[in-house]
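Two forms, one chain: they're shown below as structure tokens, one block per form, named structure 1 and structure 2.
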Structure 1
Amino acid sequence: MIQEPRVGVFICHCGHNIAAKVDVKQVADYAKTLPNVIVSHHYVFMCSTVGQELIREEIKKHNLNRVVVAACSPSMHEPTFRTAIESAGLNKYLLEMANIREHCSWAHSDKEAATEKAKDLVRMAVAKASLLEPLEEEEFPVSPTVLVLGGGVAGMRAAIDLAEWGFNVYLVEKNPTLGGRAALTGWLTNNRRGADVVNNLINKIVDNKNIHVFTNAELVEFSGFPGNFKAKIKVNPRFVNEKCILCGECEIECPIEVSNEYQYGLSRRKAIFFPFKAAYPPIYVIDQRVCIKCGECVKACQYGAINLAEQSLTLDLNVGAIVIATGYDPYHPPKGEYAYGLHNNIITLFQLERLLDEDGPTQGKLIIGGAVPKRIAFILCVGSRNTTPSSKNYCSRMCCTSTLINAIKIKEKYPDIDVYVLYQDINTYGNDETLYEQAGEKLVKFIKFEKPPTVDISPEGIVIDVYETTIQEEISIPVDALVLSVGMVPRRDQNELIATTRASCGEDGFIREVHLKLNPVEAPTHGIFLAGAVTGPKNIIESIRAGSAAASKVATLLSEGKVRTEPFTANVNEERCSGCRICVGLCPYKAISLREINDRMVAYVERALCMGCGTCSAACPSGAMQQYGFKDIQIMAQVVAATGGGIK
């Protein structure tokens, strides 16, 4: 049975984060008066080596068998304190944390009430701690394969690093080709092109046999636990096989023409098409949504590469971890915002990049509305820094840099074009500041605004009225072409992704990572890793870097070959179970089944499948089903302590 509880209470100052609003000494003294509490201390930083050393010594000195730490949120340092008490020989689940920082000192201004609340929280923690039992983690073998979702630069880099490390990688990309948004990016710093970067990465992927690429494929189902995830991939039909030699005959015959999303709508493409020069796999693809299956392409193809009857197939993969690198969407200004959509000389930065790119619709010539503009203006922060009603309230980080790169490229190719950049703050951070200097030398004109400019279409062209804050004057600039430097927004289809992978999104709509600063590439749920612009706006270099960082984190999870799971699974008390089957239907993971013990049908929990949600134990009429770590008596003790009814 549970040995006689000897509880040690440790209160943290957290510098003056807690000490400023909670009288830690008073709480420590109060803790001594609580039942089962043998000793209580308070120290500046409990999470530091000194703090942890203090806990270890106290456990040995008073042979404590329960520890309560009143400090920050368990999501911050529960693992730290667990390993601390484990190294003192105590089972690491005999720990209860009282959150007196985020839930108390940071949230309340009145010091006296906050101290009172801290005492209650410590009392609740001690009440539960006294009833805690030692638990053992479950170890499971791990499959050394990784699913990378998204074939952009981040996903590709993650796949390459994982494969070179020794894992088997499934690279799943929704579009018919790898490369993502970076392939459509034109010029980058030191004269590199997005397509070249993508090409280098694709070459590395092609000659690495550990990477299995599935394009035109999407994740439909995802379940299991870290190290043993089950992923169901649906590979949509491409209708064209390897025999295709990219001759393009079929494309000529195809009657259907739609706007080409690989040129952001600047040119049109056929139903059967090849995305762009550096696309991989180098095979044509038929766009299922618009193809009317007229069969013209089949007739035109001498190599018999096209088969319109191809069906989609689904794959069931058993993977150890998943790297989500699904990237972002460019912000699409609503019609009328800065007169977008009312004049075809008003384009977005992404479209401009396509125009300046050799593989673009105009082979790199800056032809907007049929002619090379004499005057072109960029408006920054479109869709970011809530400049317009439908904008997001964050800075999209990369639009300044890419705007200046393209402005410099325009001035290099067409020196006598007048280029204006309307900005709030030029965010060319780090070494990109040289871009700001080069833009100056290339005679690019900068106009600072605070109130967003207004764009109106007049007979003689586009006129931008803006109040230039540094000269305190309202000026109007007639231009021939206007580029809206749009920012990055979360993908439209992100909700399906969240539904399947259980990730969650933060205030800015991008997927939330565990900690913004210290683990930017891990999702709160173990085994799920985030790379690239899926967690927030990034430029190509940062996305690539996040890709390899995610690979590294996957390696830390899977390198040992086995993984330990949290022991908060459900467990049945056979004597009390009446076999009423209520729990069996409830379990979303189908971890509960009935088995016969001395001729009575009794519930049985398969620990490998149980994720520890506790729904079954709440519904069990007889209380036979209990969740380790959150047993009814433990929670009841907390409830009683919370209302002050129980221990006074």
Structure 2
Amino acid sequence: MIQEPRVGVFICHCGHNIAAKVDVKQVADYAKTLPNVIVSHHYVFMCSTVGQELIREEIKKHNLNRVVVAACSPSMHEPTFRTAIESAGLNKYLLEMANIREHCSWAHSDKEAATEKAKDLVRMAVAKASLLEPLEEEEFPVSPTVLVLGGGVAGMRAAIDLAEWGFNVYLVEKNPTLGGRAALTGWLTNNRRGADVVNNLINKIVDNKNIHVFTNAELVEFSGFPGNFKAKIKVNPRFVNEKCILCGECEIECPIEVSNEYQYGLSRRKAIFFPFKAAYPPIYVIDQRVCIKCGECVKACQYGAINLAEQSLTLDLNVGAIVIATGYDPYHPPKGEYAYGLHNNIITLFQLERLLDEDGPTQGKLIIGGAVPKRIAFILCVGSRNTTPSSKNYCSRMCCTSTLINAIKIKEKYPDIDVYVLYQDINTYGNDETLYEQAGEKLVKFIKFEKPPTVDISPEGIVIDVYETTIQEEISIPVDALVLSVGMVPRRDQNELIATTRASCGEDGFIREVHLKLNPVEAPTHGIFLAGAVTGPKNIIESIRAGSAAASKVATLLSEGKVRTEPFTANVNEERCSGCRICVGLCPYKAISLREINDRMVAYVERALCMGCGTCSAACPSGAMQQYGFKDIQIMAQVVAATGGGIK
């Protein structure tokens, strides 16, 4: 039997975030006049320990059985307030939040109007809260197996941590080798390369029997629920097996040459190739996109390691959780941006790092355009911070540090080269700021600008024109080579991944975390975790830490052997259901089917699969399909309250 509603309203000032634009006291006084409201309070920080204790005390003192909190977004503190009311003996789902920060105070400048809107939002919340029902979570057993998508440093670190804790891990990498972008990154510090970090992680993976590595593989289907996901993995043919001893005879005979993406286009490779030194698995691979199946490589191989008839494999996996660590793509400047693509001596920071790497196309020699440049310049923030029409509005975090490290390395190896760094702002995230001092001591010249410089190509070479804000003068810098310090952008295939996994995309195009501070490395879909630069720009060290963080969250989810799901699922009124099948076809999670009840077919919801999206409820023509926590009667009560009516 549903008790008569006794609603308590608690309104947060959020410091000045809400109180600066909303008369909180006036809203609290107004709330006292609403039907079913027993008590109304306001406090400076309702999410604080004191604020939560206030809520608990009022629940017990006034025997409240519904709670409305008017504060910030539910995505931030709804779990906080649920925990608070549950500790007072109330079902934690008898809570309704009114967002009077993002939806009110932050959106308006007129305090009087914002206050009236806050009253409307509170009135709507009270109307719905009065009709809330106590809900219960369900428990399901979990599979102690984890799928990690992405074999870069974040994915490898997550896989290693999980495997060391005893979980079975499937590490799936779309490319033919592990390592990701980090394997191609130059110097992280003055004495450590990205390849060194990658090789250390690979050695740990090879030694751990709990990690099952699949390269040249991709996720093609994903379904299920937290603790019990089903994943279908397609392993594309490599055409070369473990008999390969890396002799290279096949590569010599291959007639096909294409641009080498592992050297960022600075060299060419064959259709059959070994990606880079120390790549894992240590086996050649054939790029089936360009291979013409001429058979020359088969003839050249003395060990029978090549099979051009190899077919793709499909793996059906049952996993308890998934870690997405698929990384990023480097920003590729459009032709003409800072004259990129108009002169062979204008390259990107990623290309420069390959040139300076001992495993690069020039074995570490700074040869650009066939010669060692006498004057070289870097332009920072290319592709980031809205510096050009095609750039993004965020900072890519690693470009400044990499630029300074590479500038120092150039001066150490070639002291006579003039090095210029043109910057709008500069920040070495997470690194020792003595990099500035080291660069200055080696006479690297720093040039600050507000308006992006212009780059012209003349018969004499490359000329950079820039207004230097420190000396307040327009200057021209002739250089032999120009390095564009480009940042990070989401992967080109990210939309496909989002569609398959049901992850969410953020404003910047990267995959969105639930909350950067409160729920980092967690996707909005429970059971999906995120690591590394897939959520936004990060350097290698940050990505490794994110991999460990994601692993710890996975372990927390799976270690109990069971998971609890939120009860906001669809529910069928079997008496009203006509079995029309509309909901079956529309459900994106395949959670609805038909079953026979009393000689007629009606809809059935598998609650373990239902994610509470509400699609079926909105489409149901008879109103038989309702969603817990968002039933028609609850939503209509809000609508009536919004239009000034009373609670029916």
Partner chain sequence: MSKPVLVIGGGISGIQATIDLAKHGVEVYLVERNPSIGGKMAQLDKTFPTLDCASCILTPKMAEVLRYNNIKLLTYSEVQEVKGNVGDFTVKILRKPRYVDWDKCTGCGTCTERCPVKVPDEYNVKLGQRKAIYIEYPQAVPRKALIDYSHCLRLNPPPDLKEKAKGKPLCGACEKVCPTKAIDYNQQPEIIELNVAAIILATGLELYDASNIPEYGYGKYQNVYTNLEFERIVSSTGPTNGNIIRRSDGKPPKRIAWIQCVGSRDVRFNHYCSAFCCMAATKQAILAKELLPEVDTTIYYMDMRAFGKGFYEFYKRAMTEFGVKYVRGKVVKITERQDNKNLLLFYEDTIHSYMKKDEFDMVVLSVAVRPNRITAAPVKTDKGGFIQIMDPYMDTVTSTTEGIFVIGGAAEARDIPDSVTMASSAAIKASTIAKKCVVEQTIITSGERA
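This structure is a prediction, so every number in the text was calculated from the model and none was measured. Note that the rigid core is defined as the largest set of C-alphas that superpose within 1.5 Å between two forms. Residue 1 is the first residue of structure 1, and the numbers go on in sequence order from there.
- Taken from the form predicted in complex with the partner chain is structure 1; the remaining one is not.
- Core superposition gives residue 74 a CA displacement of 3.3 Å between structures 1 and 2.
- Once the two forms are overlaid on the core, residue 53 shows a Cα shift of 4.3 Å between structures 1 and 2.
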